[in-house]
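In C-alpha cells, one chain follows: the form predicted on its own.
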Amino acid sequence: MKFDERQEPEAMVVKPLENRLDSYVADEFKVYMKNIVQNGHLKIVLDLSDIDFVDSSGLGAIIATTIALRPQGQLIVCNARDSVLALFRLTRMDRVIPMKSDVQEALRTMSSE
C-alpha cells in the first residue's frame, strides 16, 4: 500500500494512494499508521479522496488508529466519497471519528482545538 504524507503546522496529513481500504491492505494500513503515531504524530488528518471502498477490516484499521492516538491525540477523516461516508454513517462511526469535507477544513479544526 502506498501513501502520501506531509507535515502541516496543525497535523500530519496522510493520504492512502489506493482505491480500496479492505481486508487485503488493512493490516499494512494499521502498521503504517501505528508507526506514524509512534513517531510522535498525535494529530492526523486522514485524506480518503482516492478511496472508493472501505470494508469492515478497513474501518477497523481506521478505528485502531483512533485508539492508538488516545488519550492525547486526534484523527480527523476528510474527503470521504459518498460510499465511504455512507459506511461511516451506517456504523455510526461518524459520531466517533470527526469527518470533514476537505483537508483545509480538517486542519482548521485541528488548529482550533
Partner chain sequence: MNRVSLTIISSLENSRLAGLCAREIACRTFNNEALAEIELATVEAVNNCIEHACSGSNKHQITIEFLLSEDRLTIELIDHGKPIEPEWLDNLNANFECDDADLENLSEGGRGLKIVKSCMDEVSYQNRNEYNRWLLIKYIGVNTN
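Numbering follows the first chain given and starts at 1. Computed from a predicted structure; not experimentally measured.
Beyond the structure shown, there is the form predicted together with its partner chain, which is absent from this document and is the topic of what follows.
Peer 1: My question is simply whether residue 55 lines the interface with its partner chain in the predicted bound form - judged by any non-hydrogen atom within 4.5 Å.
Peer 2: Looking in the predicted bound form, residue contacts with its partner chain include residue 55, since a heavy atom lies within 4.5 Å.
Peer 1: Whether residue 79 contacts its partner chain in the predicted bound form should be assessed with a 4.5 Å heavy atom distance threshold; does it?
Peer 2: Output for residue 79 is no: heavy atoms all beyond 4.5 Å of its partner chain.
Peer 1: With a cut-off of 4.5 Å between heavy atoms, is residue 90 one of the residues that contacts its partner chain in the predicted bound form?
Peer 2: Yes, residue 90 lies within 4.5 Å of its partner chain in the predicted bound form.
Peer 1: Taking the shortest heavy atom distance, is residue 17 within 4.5 Å of its partner chain in the predicted bound form?
Peer 2: Residue 17: no, not in contact with its partner chain in the predicted bound form.
Peer 1: Any chance all of 7, 37 and 112 sit within 4.5 Å of its partner chain in the predicted bound form, going by non-hydrogen atoms?
Peer 2: Spot residues vs its partner chain: no contact at all.
Peer 1: Here the chain is shown alone; which of 51, 44, 59, 33 has a heavy atom within 4.5 Å of its partner chain in the predicted bound form?
Peer 2: Here the answer is residue option 59.
Peer 1: From first to last in sequence, which residues of 63 to 82 have any non-hydrogen atom within 4.5 angstroms of its partner chain in the predicted bound form?
Peer 2: 63, 64, 66, 67, 70 sit within 4.5 Å of the partner.
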